[in-house]
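Form predicted on its own, single chain, as structure tokens, below.
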Amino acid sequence: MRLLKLIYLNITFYAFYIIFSLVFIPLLTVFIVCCRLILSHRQTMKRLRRVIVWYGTVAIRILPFPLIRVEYKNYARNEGRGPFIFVSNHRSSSDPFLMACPCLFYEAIQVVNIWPFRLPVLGIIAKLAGYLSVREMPFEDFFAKTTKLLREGVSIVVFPEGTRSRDNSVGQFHGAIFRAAIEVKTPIVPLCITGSELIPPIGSMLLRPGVIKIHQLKPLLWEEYAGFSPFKLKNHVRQMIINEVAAMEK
């Protein structure tokens, strides 16, 4: 029975995902061209980023359902209009798609590793939307771009471990995004993910049935971390995530 579920999940998911992408991406292209003809660059980018979030929502919450279920809990309802810096632990290559849950009603971009930009078509769309590859730019450029985006009202999603965990622990955080948070005095929203580590496993594209849990914690406001150094701030947020992940896995 487990083998049949595994086969069924992967055949149906990838078939529907390919069909969905083949329909969605050309429509998105036409939509963005039309927007650019009548709207400013800033307004066009806003719409592009919002549509990408909806694409991720369909891909991760609808196409693999019910064999893969996403349980999302937001402990910070009515947190405001943003922008925010969403900080998440990282267990799977599917985690960027999961960020559609907290970002559904926000304009947001992601800070990613190099590999998402190498994906056919999707990598081009990510670059057009202004997604940032932290490993391909000097710190000064990264700092300038993130602070500019935040001041424009764009939320930023980041996986500060830099790469997915191999043992489900929360690795050490890089501090670049926390320097930007301090500069712009932006609320930081910790995101905690469990269950995605086998969806798919490291080194494989084979999805396995399961339940992915996402907990969105209350924003850490500027008033709560004013006076923190970037080092202290990143470790404070990391500990918040570690504590919640431990509770989720009990």
Partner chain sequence: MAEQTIINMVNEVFIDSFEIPADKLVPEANIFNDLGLDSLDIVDLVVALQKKFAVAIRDDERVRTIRTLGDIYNFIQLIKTEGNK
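Numbering follows the first chain given and starts at 1. Owing to the predicted nature of the structure, the values given are computational and were not obtained by experimental measurement.
Beyond the structure shown, there is the form predicted in complex with its partner chain, which is absent from this document and is the topic of what follows.
Visitor: Kindly confirm or deny that Phe173, Ala176 and Lys232 each have some heavy atom within 4.5 angstroms of its partner chain in the model of the complex.
Guide: Every listed residue reaches its partner chain in the model of the complex, so yes.
Visitor: Only one of Tyr75, Phe117, Phe139, Tyr72 gets a heavy atom within 4.5 Å of its partner chain in the model of the complex. Which one?
Guide: Among Tyr75, Phe117, Phe139, Tyr72, a heavy atom within 4.5 Å of its partner chain in the model of the complex occurs only for Phe139.
Visitor: Name the stretch, out of 148-156, 165-173, 126-134, 81-89, where some heavy atom lies within 4.5 Å of its partner chain in the model of the complex.
Guide: Checking each option against the 4.5 Å cut-off leaves 165-173.
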